[in-house]
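Shown here is one chain on its own, the form predicted on its own, set out as structure tokens.
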């Protein structure tokens, strides 16, 4: 176990060194990169991607994957604004309902996966279709509104620190603590490393998977609520990009798609690498089509590298 953590820490160090190198290179290529305005914009871009990536890390650590994340983000965004409709008194009950619905989606993902044995990719893809289709029946265009006080989630500050950054930090630290310091965290690694051995060792692997998918949907709901606060309205397609964008930072951070190896620490570095790379390409006026190509190449290279490394 100690040797495993040493290897993981080494991977984390490498990923953070890559992050530092990217920051230096981007600052040399663009005079705008280190401006206060761009840094604030960059940090706010990090928050939703970071939140969904934390949840996705847990799912992938169990040798699974959650493709329904994007639809849950869209659902949370639209239901939040569509049900509050600018009424401050409804903020708490609506947010509670949205989070409960997200947890229900995660529970259904985990339950179907563990009961039927169908691959998580297929189950979560089907769930994505169900949630997205239901949402489009609810609204086909951006709608709803939020009261001025709700803006605090996206634009507020606590002791001069932007509240969204604090939210992401709390979620990330909680995820790191769970994985490294709790029995459940050890069960997650054991389930992803070898589910059959873990089950024979007395670990309730089905329960572990269900909880991880619920956490995954919970972080997606937080991202959707943040986006609702940032935009002031809900968009039924706002979460579409996060299906892919939640996976990329996890792969960049070195978490294995086969499960059992990785962690949230390197995923955070992966989030910043991915966000800074996207920001740099925008500052350099690189076409969005080329950015799609870059994302695809990152996935192919990362998966090929870690599979080769495992062999």
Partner chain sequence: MVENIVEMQKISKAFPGVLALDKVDFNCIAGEVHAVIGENGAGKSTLMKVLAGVYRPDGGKILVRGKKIVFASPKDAQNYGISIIYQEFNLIPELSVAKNIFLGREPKNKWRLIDTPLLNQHSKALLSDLDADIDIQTKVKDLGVAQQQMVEIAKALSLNADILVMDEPSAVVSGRELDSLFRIIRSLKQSGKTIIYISHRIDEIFQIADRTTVLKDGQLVGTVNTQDIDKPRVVNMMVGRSMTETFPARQQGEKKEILALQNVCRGNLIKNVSFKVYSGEILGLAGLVGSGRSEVARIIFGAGDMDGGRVLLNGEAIKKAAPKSSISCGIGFVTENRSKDGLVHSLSLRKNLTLPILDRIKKWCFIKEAQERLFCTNCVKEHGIISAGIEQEIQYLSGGNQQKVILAKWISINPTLLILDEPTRGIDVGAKAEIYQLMRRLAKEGTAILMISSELPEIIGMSDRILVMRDGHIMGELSPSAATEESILMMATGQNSDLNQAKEKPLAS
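Numbering follows the first chain given and starts at 1. Not measured: the values here are computed from a predicted model.
Omitted from view is the form predicted together with its partner chain, to which the following refers.
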All of 272, 277 and 279 within 4.5 Å of its partner chain in the predicted bound form, heavy atom check:
no
Only one of 211, 112, 190, 176 comes within 4.5 Å of its partner chain in the predicted bound form by heavy atoms, so just point that one out.
190
Looking at 241, 87, 204, 140, which has any heavy atom no more than 4.5 Å from its partner chain in the predicted bound form?
204
I need the one stretch from 65 to 73, 34 to 42, 246 to 254, 260 to 268 whose residues put non-hydrogen atoms within 4.5 angstroms of its partner chain in the predicted bound form.
260 to 268
Would residue 181 sit within 4.5 Å of its partner chain in the predicted bound form, counting heavy atoms only?
yes
Answer with yes or no whether residue 151 is in contact with its partner chain in the predicted bound form, where contact means some heavy atom within 4.5 Å.
no
Applying a 4.5 Å heavy atom distance criterion, does residue 200 contact its partner chain in the predicted bound form?
yes
Using a 4.5 angstroms cut-off on non-hydrogen atoms, would residue 194 count as touching its partner chain in the predicted bound form?
yes
Within 130 to 151, which residues have a heavy atom closer than or equal to 4.5 Å from its partner chain in the predicted bound form?
none
